[in-house]
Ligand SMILES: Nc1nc2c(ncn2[C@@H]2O[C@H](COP(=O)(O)OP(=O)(O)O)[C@@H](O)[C@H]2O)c(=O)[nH]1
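We begin with a single chain expressed as structure tokens, specifically the form predicted alone.
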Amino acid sequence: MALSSEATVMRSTGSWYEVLADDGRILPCRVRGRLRLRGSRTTNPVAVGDRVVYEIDEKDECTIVDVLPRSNYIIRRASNLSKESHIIAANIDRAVLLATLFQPVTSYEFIDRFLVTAEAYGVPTCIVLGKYDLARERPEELEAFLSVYRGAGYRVIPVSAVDGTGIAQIKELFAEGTTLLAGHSGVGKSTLVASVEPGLTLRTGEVSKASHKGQHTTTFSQMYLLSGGGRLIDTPGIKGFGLLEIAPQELCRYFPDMARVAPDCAFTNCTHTHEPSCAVIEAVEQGRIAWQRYESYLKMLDDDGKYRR
């Protein structure tokens, strides 16, 4: 008779998983067939970070037989026009979104889509501004970026692996709990991880000279145990971020800067698009809410269900 035990999923390759058993062993596992077909519309019913129940049979083969309830997760629409979703990671203490102003450019809309999803699913998020040594060469754009997100209430940490700016803060951040590191390909996720954990070798990629976009270097999400404490989930570079299961009337509450003033609107069902005496529109006009954030809100509100990049 197979014995059941619990573990944390550390790596997913699509068909095989690596789990960290509660007794400290790292085991290769497959997923029981009926678990994959249990009506889930996600492309990955078992995600990195999941707490799972596994069994080892008489042949010492390990099988994941159940996924325990998640405390939170980050999810996105799987692909263009897809009705399925993809869970990036589960049971995380924080998400760190690595963004760059140049080489490649991380758009405000992409950042805001990630932040909205994190807010909706209860994941605290910190923005790390990578390649800070390059960003300082364009002070006006740098100041605008910092103003937008610090003004919205988010912690923004400028980081440069070239001169070491912010690395100590990142080490401190990563040392507690489980952190998800996300961002476009080419923003320097793998390089940042190597700066925090020198003994950890990850593949790094360069930005394509033709497209000025990052090239994928990580194929599957993976959790790493850091020597300074904490667990880090490194993810594949994300090209786009499709929102999932967020109703238009709920969207505003996931923009903290807008949610703070929305109760002052004249109408309780205000969409913050055209209504008179709209506190959100007034705040945008007065500069208390960044126009970049409001523009992202309008684009998401007008989302026709297609996957936006």
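In this text the structure is predicted, and so the values were computed from the model without any measurement. In case it trips you up, residue 1 is the first one in the sequence shown, and so on.
Another form, the form predicted in complex with the named molecule, is not on view; read the next lines as being about it.
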Item to check | Heavy atom within 4.5 Å of the named molecule in the predicted bound form - residue from Leu146, Leu226, Ala152, Leu134 | outcome: Leu134
Next on the checklist: Between Ala161, Ile88, Leu115, Ile127, only one gets a heavy atom within 4.5 angstroms of the named molecule in the predicted bound form; which residue is that?
Outcome noted: Ala161
Checklist entry - So in the predicted bound form, does Ser185 come within 4.5 Å of the named molecule, heavy atom to heavy atom? => result yes
Next on the checklist: Residue-level contact is defined here as any heavy atom of the residue lying within 4.5 Å of the named molecule in the predicted bound form; does Ser190 satisfy this criterion?
Outcome noted: yes
Checklist entry - In terms of non-hydrogen atoms within 4.5 angstroms, which of the given stretches 89-97, 190-198, 168-176, 67-75 touches the named molecule in the predicted bound form? => result 190-198
